[in-house]
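Given next, in structure tokens, is a single chain: the form predicted alone.
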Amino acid sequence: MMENLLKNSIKTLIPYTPKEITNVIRLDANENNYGSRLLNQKLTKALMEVNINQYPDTDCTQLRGMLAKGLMVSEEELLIGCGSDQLIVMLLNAFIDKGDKIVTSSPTFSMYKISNQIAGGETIEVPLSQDFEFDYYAFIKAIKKENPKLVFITNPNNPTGGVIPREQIIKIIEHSNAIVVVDEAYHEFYKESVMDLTSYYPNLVVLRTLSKAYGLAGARIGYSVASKELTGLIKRVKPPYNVSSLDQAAARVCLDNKPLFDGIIEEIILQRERLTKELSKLEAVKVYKSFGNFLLVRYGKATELYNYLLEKGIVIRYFGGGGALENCLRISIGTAEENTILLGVLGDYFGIENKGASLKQAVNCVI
């Protein structure tokens, strides 16, 4: 009976439901497994100084100031969200009426479509190529045909790891009447950005997060950079006190100690290349080039491999059967030790003996 009261757009919604699995090596959520342990004492001190009985600073004034200085933008061009997810919802709440359209790629970050369906909008998905490469001409064609209000681009893309050249993003911005949202959640592992273009294009929004490179997935901090005018429009739908005082304090400590993460980021990139090299030696496994902190692989017995790794205490992301991601698995880049364990377990699964530069030998080669 209660279900009949649901919004029509929600009746067919398949929610995003993260799996809660404990006592395993977590390589499924694109987290930074090096984490922020280096900052534990500083984090504890900062959190102890929070007046938890008081509402948080609704504008995240100190945090915005720190980010603005580091990014060389004005504070009026910045918004802080409870993770990038909330900023995506804010964009949809500000600009999408029932039936309005957004255009994005497929496969890509699922929350664009899920959040848009909740908002009552229609999502136009432009398929990537068979090898998960961005189809620029099909994307432009869809924008011109559908006349969307919002365009979402993830660069690097999740879950494929591929990227879109800067010149193609510029052409998309210039050929669109929509607001173009470039989600750079994995920017630190790719280095390229279009954030510098927000001063030139009033319809451009760039999203970033502290969850991936900076190990703050448990403190929900995302931010957007756009022109002052566009930021002001988005801010109209920002909930008051949307980022807790605890999360703001954790983010400030993180930014105060940002240089500590530079080496960790470079290590994750090295580990990404290590796993790419070793997994590519398996003839049965297709490894896609990635610029994120994860790898997408395709294997004909993906379900079997996923379950085998889980039995051995390693969890990766399995996308299920059907669609473009059929038999695909996404492996987050763990620490050197975790990756060594992963390679050893994979060596056992594929029955690789000591011959040449095998996965078995790789377990003794920690970068």
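Only a predicted model underlies this, so the values are computations on that prediction, with no experimental measurement involved. Start at 1 and count along the sequence shown; that's the residue number.
From this point on, the text means the form predicted in complex with a small molecule, which you will not see here.
The single contact residue among 261, 134, 109, 189, judged by any heavy atom lying within 4.5 Å of the small molecule in the model of the complex, is 109. Though the small molecule is absent from this view, in the model of the complex it lies within 4.5 Å of a heavy atom of just one residue from 154, 116, 231, 248, which is 154. For the three marked residues, 26, 332 and 338, no heavy atom of any sits within 4.5 Å of the small molecule in the model of the complex. Partner contact region in the model of the complex: 181 to 189, out of 98 to 106, 275 to 283, 163 to 171, 181 to 189, criterion any non-hydrogen atom within 4.5 Å of the small molecule.
Heavy atoms of residue 198 never reach within 4.5 Å of the small molecule in the model of the complex, leaving it off the interface.
Taking the partner from elsewhere, residue 220 is found to have a heavy atom lying within 4.5 Å of the small molecule in the model of the complex. Contact annotation: residue 85 falls within 4.5 Å of the small molecule in the model of the complex, judged by heavy atom distances. Residue 224 falls outside the set of residues with a heavy atom inside 4.5 Å of the small molecule in the model of the complex.
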